[in-house]
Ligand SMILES: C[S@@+](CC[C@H](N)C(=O)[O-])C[C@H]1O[C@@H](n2cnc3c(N)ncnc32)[C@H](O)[C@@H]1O
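Just one chain follows, in the form predicted alone, and it is written as structure tokens.
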């Protein structure tokens, strides 16, 4: 007979960042008056917060996914179903859903952690997915409209899975919380995918149409070989690429690009630009200071930059950098958002922009 555990909040993350994810959910839950403990195994790619209270409705109602830095996805009311029989996994899963969820779902997502160990389940899920989706539809679990919650079945093995729900306006829209971006032909480096993902995470559709178009201007600090410059040019922006290193020859030939071989920590534009972006390998506090300087002095309206994190106290470093930037930007009309993107590694990407009235 399959076994079920108490409900929890399930968070997906980059393997190796379970501690940071656990800290985030613990602190976030405490702010809404919910206390508990976290189950997290190093390099597992996920963490589960179990509240001490049997019912903790405040978590789903009050937690905002956009406030999380290290979580790729947040799944509420998650229940662990274990010891599913090899011959029939569908029955215990459907039983769990009926007993724990009194709603229908817009879609079913069968997922795993983003680890090599979990990837071994991919062939099993390809075979299992059509049968389970059909069974879920026949059981009346699918609502047929996009505003309904999404059902997540997060497999730990072929015999165990967490089952929970996410809300379409308060979660990651991507399967496993991972955007599948192809490396564009002609891009000089894979870092261009990082900026493309940042645009999709930090900007609304309306903002992308407004801020990523012909006529907008940007400065790329530490541009070489040009991955971020390429992404900006691809959207029609005119870019000043700042780096003592060499830029991709194709970008140098583009009239939308001006390459200046100067020190990015000391150069400033004569006229204000719309964007400043920065992916330099430097201490996080120094980058945070630089970006705060650009925004506080009105050199740019929006900034996207990376913070290369230390080996220890990584979340603490992000919090310290946020405090540093906010202290410099005495005008409270700035919005800070940070996320460890899928295309990030030992780093997080930050967006700081003026609120749009």
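Numbering follows the first chain given and starts at 1. All values derive from a computational prediction rather than experimental measurement.
What comes next is about the form predicted in complex with the ligand, which is not displayed.
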Between 279, 111, 107, 274, only one gets a heavy atom within 4.5 angstroms of the ligand in the predicted complex; which residue is that? 279
Which listed residue (171, 77, 243, 197) meets the criterion of a heavy atom within 4.5 Å of the ligand in the predicted complex? 243
Tell me, yes or no, whether residue 124 is in contact with the ligand in the predicted complex, where a contact means a heavy atom of each within 4.5 Å. no
Quick one: is residue 227 in contact with the ligand in the predicted complex, heavy atoms, 4.5 Å cut-off? yes
Residue 191 within 4.5 Å of the ligand in the predicted complex, heavy atoms: yes
Does residue 262 reach the ligand in the predicted complex, with heavy atoms at most 4.5 Å apart? yes
The ligand isn't shown here, but in the predicted complex, which of 91-99, 227-235, 162-170, 199-207 has heavy atoms within 4.5 Å of it? 227-235
